[in-house]
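The chain below stands alone and is given in structure tokens; this is the form predicted alone.
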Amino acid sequence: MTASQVRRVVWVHGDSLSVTDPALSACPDAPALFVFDRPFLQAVPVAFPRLAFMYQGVRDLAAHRPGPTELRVGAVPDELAAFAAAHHAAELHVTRNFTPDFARIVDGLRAARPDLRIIVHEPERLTSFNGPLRRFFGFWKKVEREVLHGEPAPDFPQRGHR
């Protein structure tokens, strides 16, 4: 089976709700799944407007991509494992998320589906800043010109430069 014949699915999470998401871009025709994490939502109060915003994001995403997009509610690793199995997927693509839950979910999915290859795509960087992050305002002052105008700030080195 060639790479183009491998059955793939995409996991879309709250930080990857974008038509330019790297995992979705790598697999535009693959079935995609967004899961409202029931255990998380039961443990952490999330305001209804935030949930509605995420739901609308999934709807917008589904309307603007060629592959099917599905939304479920449940334990994320279980839902992803079932989704991958239903689509006979050998690979699951996802864009990295820097939260502790991401690692927990990936570990749970690997335990549930050791045969499933998980491909983690790196998110797009909005800035070349690599320094310590203490307070948002100080960080924003350093990256504002780069983020808003594409002009690197003169007080920190660019990626690949010393």
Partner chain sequence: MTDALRLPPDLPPNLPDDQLPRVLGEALTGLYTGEPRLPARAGGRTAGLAALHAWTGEGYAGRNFLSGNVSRLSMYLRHGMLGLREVAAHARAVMRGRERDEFLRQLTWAEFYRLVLRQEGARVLGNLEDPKYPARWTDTLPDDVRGASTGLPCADAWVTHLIRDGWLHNHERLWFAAYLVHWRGVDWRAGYALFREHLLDGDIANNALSWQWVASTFSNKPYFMNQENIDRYSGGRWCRTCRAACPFRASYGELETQLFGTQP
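Numbering follows the first chain given and starts at 1. Throughout, rigid core stands for the largest set of C-alpha atoms superposing within 1.5 Å between the two forms. Here the structure is a predicted model, which means the values were calculated and not measured.
One more form of this protein exists, namely the form predicted in complex with its partner chain; it is left out here, but the text below deals with it.
Q) Contact between P132 and its partner chain in the predicted complex at 4.5 Å, heavy atoms? A) Yes, P132 sits close enough to its partner chain in the predicted complex that at least one of its heavy atoms falls within 4.5 Å.
Q) Is there any non-hydrogen atom of V44 lying within 4.5 Å of its partner chain in the predicted complex? A) Result yes; V44 sits at the interface with its partner chain in the predicted complex.
Q) Heavy atoms within 4.5 Å of its partner chain in the predicted complex: does L126 have any? A) Because a heavy atom of L126 falls inside 4.5 Å of its partner chain in the predicted complex, the answer is yes.
Q) For H121, is any heavy atom within 4.5 Å of its partner chain in the predicted complex, or not? A) The answer is no: H121 has no heavy atom within 4.5 Å of its partner chain.
(Q) Under the 4.5 Å heavy atom criterion, name the residues of 39-69 that approach its partner chain in the predicted complex, in sequence order. (A) Contacting residues: L41, Q42, V44, P45, V46, A47, F48, P49, R50, L51, A52, F53, M54, Y55, Q56, G57, R59, D60, A62, H64, T69.
(Q) Taking 2 Å as the cut-off, check whether the CA of T69 shifts that much or more between the shown form and the other one after a rigid core fit. (A) Result for T69: no, shift under 2 Å.
(Q) Taking 2 Å as the cut-off, check whether the CA of G131 shifts that much or more between the shown form and the other one after a rigid core fit. (A) After core superposition, the C-alpha of G131 moves 2 Å or more between the shown form and the other one.
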